[in-house]
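Only one chain is shown below, in structure tokens, and it's the form predicted alone.
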Amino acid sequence: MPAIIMDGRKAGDFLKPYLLAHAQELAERRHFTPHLAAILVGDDPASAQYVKNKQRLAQDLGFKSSTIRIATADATSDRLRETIARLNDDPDVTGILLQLPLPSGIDVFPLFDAIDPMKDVDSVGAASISGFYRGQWGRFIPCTPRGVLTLLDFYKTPVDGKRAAVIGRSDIAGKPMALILGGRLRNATVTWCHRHTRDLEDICRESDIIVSCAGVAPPGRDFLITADMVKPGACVIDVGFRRIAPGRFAGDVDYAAVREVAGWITPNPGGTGPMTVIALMQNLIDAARYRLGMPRAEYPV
């Protein structure tokens, strides 16, 4: 039996009325309009599209959005720190997004930590990480993991006590995903994999949940995750994103083949991508609520 398709657009459409309700509460009762400021370096088309998608939804919700564009040649660590400091000090800015990737040679960690923790809507700074590291929500959950958690809940995918393989160790996807799934928020038993992992195929075959955040394919193969690596009935979530030709992109998972084996699967595009954008808006709403002394917003999933 083909897998249940974990459609991020469908889950996003379900959540949008709740986002709008929270936005209206901020506007009508609190007279507050959240403002997302994105720092975009260079002219990478994928990064530009990501920022555009995020800002489109922000505008649909009645929020302010702005993009600070910095040419690659001008993107020094000092310039980026100065930009972040200015946004930290701007009372009109509610959330700050530093769009990755940055040019090689720039150490991203001091930049992450320079973001005001109350405006860190991507949850990349040390102050934000401590929450989910300790198995708690904290202020914010990183956007991609938060979107994945919502998909798992929306499609009623069992997680508690299940064996999960998380592939990838980026600071906005794989690393927090492994910590959160294996922590007290979801209670899975996680094997955290990366490019040095041996016997990845065997680990995946033993897993009830696979979350692939690698964005690469092994030499000689079109996809990292193939149907023969998937346990029948498993949940397969594809966070990977890679350019395979001009204007053509692919994920980590051989979707057409794996959907015939898996119990649940995300399309790519259309799976985790839309949910990452939704999660960013949820974090932006929470940032506004925290500033106003309100608790984190609640949703049915």
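Keep in mind it's a predicted model, so treat the numbers as computed, not measured. Residue numbers here begin at 1 and follow the sequence given.
The form predicted in complex with guanine exists for this protein as well; it is not shown, and the discussion that follows is about that form.
S.K.: Given that guanine is left out here, which of Ile225, Leu151, Ala178, Leu98 has a heavy atom within 4.5 Å of it in the predicted bound form?
M.R.: The option sitting close enough to the partner is Leu98.
S.K.: What is the one choice in Phe63, Tyr255, Tyr50, Trp264 with a heavy atom within 4.5 Å of guanine in the predicted bound form?
M.R.: Flagged contact: Tyr50.
S.K.: Is Ser212 part of the interface with guanine in the predicted bound form - any heavy atom within 4.5 Å?
M.R.: Outside the cut-off, so no.
S.K.: Within a 4.5 Å heavy atom cut-off, is Ile172 in contact with guanine in the predicted bound form?
M.R.: Yes, Ile172 sits close enough to guanine in the predicted bound form that at least one of its heavy atoms falls within 4.5 Å.
S.K.: Any of the heavy atoms of Thr94 lying within 4.5 Å of guanine in the predicted bound form?
M.R.: No, no contact at 4.5 Å.
S.K.: According to a 4.5 angstroms non-hydrogen atom cut-off, is Ser207 in contact with guanine in the predicted bound form?
M.R.: Contact with guanine, no.
S.K.: Honest question, do Asp7, Arg146 and Thr272 all end up within 4.5 Å of guanine in the predicted bound form by heavy atom distance?
M.R.: The answer is no; none of Asp7, Arg146 and Thr272 reaches guanine.
S.K.: Based on heavy atom distances of at most 4.5 Å to guanine in the predicted bound form, which listed stretch, 215-223, 159-167, 187-195, 98-106, is the contact stretch?
M.R.: Flagged stretch: 98-106.
S.K.: Let me know which residues along 114-134 have a heavy atom within 4.5 Å of guanine in the predicted bound form, or say none if there are none.
M.R.: Result: Asp122 alone.
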